[in-house]
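In the block that follows, a single chain appears as structure tokens, in the form predicted on its own.
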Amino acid sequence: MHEIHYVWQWPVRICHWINVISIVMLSITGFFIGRPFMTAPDTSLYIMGWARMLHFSFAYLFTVSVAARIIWMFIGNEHASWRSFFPWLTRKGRAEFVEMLRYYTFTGKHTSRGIGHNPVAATAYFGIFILFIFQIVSGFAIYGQFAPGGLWDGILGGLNVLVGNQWLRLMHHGVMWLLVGFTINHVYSGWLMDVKERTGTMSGIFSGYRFSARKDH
């Protein structure tokens, strides 16, 4: 009989779903800001204004959520800890990383037996957090241009000079598509592991609980 483990604490689950909603809204509004796909018969409808307002509002929400999740890496349980994102620092972690990588590349039949993130997924999530931080920094640097001498321009305005305004916008837009691609893969991999391992991968992000892997796995 499987054992039940409380893996994803409520701050992790809340941040996860805030990030999901924020990424969806930021992608839609960001794409519209860069390439408007609808027009208004009258300027009073203020479509672009609403798009920008939503984009900036969810940008702040996303920033708070990412910051909270990073803080929780240092005060949460072992599955939320920053250490879980560096599985290859230990011999066991490296072995499980290779085993899981072989499974993903169809050169092996076994998956890792951990309760939390598998080693390959954990490493990928670390990269995703780097992209999150880049989007936040580059986004607010671009935002600061609309208020010269303001808070964000004073803090991050130098990036527009160092990197170049258009390059920064292009990279910000490009990373958006990387996150969209990751989201598709993330959902697919989650369902795949749920079917393969039967440990409650998908339900766990709602309830926080996962089950021990089968002994015959």
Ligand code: HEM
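Bear in mind the structure is a predicted one, so any value in this text is a computation, not a measurement. Start at 1 and count along the sequence shown; that's the residue number.
We do not show the form predicted together with protoporphyrin IX containing FE, though everything after this point is about it.
Enquirer: Sort through I142, A80, A122, M100 and report the residue having a heavy atom within 4.5 Å of protoporphyrin IX containing FE in the predicted complex.
Expert: Exactly one residue meets the criterion: I142.
Enquirer: Which pick from I136, A147, A95, I128 sits with a heavy atom within 4.5 Å of protoporphyrin IX containing FE in the predicted complex?
Expert: Answer to the contact question: I136.
Enquirer: Is it the case that A59, F62 and L179 all touch protoporphyrin IX containing FE in the predicted complex, with a non-hydrogen atom of each within 4.5 angstroms?
Expert: Checking in the predicted complex: A59, F62 and L179 are all within 4.5 Å of protoporphyrin IX containing FE.
Enquirer: Residue-level contact is defined here as any heavy atom of the residue lying within 4.5 Å of protoporphyrin IX containing FE in the predicted complex; does H172 satisfy this criterion?
Expert: Contact check for H172: yes, within 4.5 Å of protoporphyrin IX containing FE in the predicted complex.
Enquirer: Heavy atom to heavy atom, is S189 within 4.5 Å of protoporphyrin IX containing FE in the predicted complex?
Expert: It does not: once protoporphyrin IX containing FE is placed as it appears in the predicted complex, S189 has no heavy atom within 4.5 Å of it.
Enquirer: Answer for I33 alone: is it within 4.5 Å of protoporphyrin IX containing FE in the predicted complex, judged on heavy atom distances?
Expert: I33: yes, in contact with protoporphyrin IX containing FE in the predicted complex.
Enquirer: Taking heavy atoms and a 4.5 Å cut-off, does I23 contact protoporphyrin IX containing FE in the predicted complex?
Expert: Yes.
Enquirer: Which single stretch, out of 69 to 77, 114 to 122, 128 to 136, 82 to 90, brings residue heavy atoms within 4.5 Å of protoporphyrin IX containing FE in the predicted complex?
Expert: Stretch 128 to 136 is the one.
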